[in-house]
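Only one chain comes next, encoded as structure tokens, the form predicted on its own.
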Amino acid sequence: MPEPIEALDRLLDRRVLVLTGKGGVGKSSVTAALAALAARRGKRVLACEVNANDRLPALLGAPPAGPSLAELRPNLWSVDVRPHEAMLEYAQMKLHLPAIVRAVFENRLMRYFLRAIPSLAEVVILGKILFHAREREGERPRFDLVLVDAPATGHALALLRVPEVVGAAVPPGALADDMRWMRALLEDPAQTAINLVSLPEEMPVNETFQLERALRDVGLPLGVCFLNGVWPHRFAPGELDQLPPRPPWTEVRAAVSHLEARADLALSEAGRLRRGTDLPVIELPYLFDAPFGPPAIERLSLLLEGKLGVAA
């Protein structure tokens, strides 16, 4: 199995990196930290989130980006991909009649009808993201790296399978052509990697195993697994026993014992994850930052870069 930092270096050479996992595992935090790292290395980075109310700009200390591309800092842009705006943009690109398209799509009845078409929202969301991955400025790509803070496990898998499912169902034409190039980009391991984010807890680790199997079954290229929120051990064995057996030390000992139990659980689940996956596992520590914001993201970014070390 590759060493984590080597795997991370190779990972950043891809054009598209998707991050997904069980809800609440910290996908947005890891996405923001990777975006900051890649931008610091001189890559032109677009960080995409899906209908997520601008979490990424907030984590990076920038104003909301909304559904239009916004520059957050040098080399780093963000966009919140929302179904209605993405659908409108797709229609304008295909029909080249902005005024008519906007009049149709702003009609309330038409908007209701469009929302009822199966997979249409996923088609335009994924299409917008992958369009930016292919977008060019002159002789070079507009973005060197497109990061996708994808929805949680089940929704992410459905989103990533849209080119295959829709492509097999529609007749030849413009939509079928779009599904073909989108599928080719997603399935190319030289350009794309789907990365899993987990926590050192039983349910997130179990869901990581299930998601990895599902992604392998549909032939999507996998990258690494980020094990987020790993609790550290603060005391050596026997150190707590040296505390005086009287208040307030008894309360301190109880509290610290609880934290050490969490660290024991994290160690156990990290080991189970490593034994159960073929992916390189990159551990990130639990950061006791309140509120969790830009300083914590910068620390995670530096950890990923290896300046402060990455757990093996």
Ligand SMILES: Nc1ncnc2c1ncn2[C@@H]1O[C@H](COP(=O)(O)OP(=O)(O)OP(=O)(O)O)[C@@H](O)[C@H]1O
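Note that the structure is a prediction, hence the values are computed from the model and not measured. Heads up: residue numbers just count along the shown sequence, starting at 1.
Keep in mind that the form predicted together with this ligand is not shown, yet the notes after this line are about it.
The candidate site formed by Gly23, Arg55 and Gly229 is fully in contact with this ligand in the predicted complex, as each residue has a non-hydrogen atom within 4.5 angstroms of it. Between 39 to 47, 62 to 70, 268 to 276, 25 to 33, the stretch whose residues reach within 4.5 angstroms of this ligand in the predicted complex through a non-hydrogen atom is 25 to 33.
For Ala263, no non-hydrogen atom is located within 4.5 Å of this ligand in the predicted complex, even though that partner is not displayed. Using a 4.5 Å cutoff between non-hydrogen atoms, Leu17 does not count as a contact of this ligand in the predicted complex.
Proximity of Leu300 to this ligand in the predicted complex: non-hydrogen atoms within 4.5 Å are present.
Using a 4.5 angstroms threshold between heavy atoms, Val281 stays clear of this ligand in the predicted complex.
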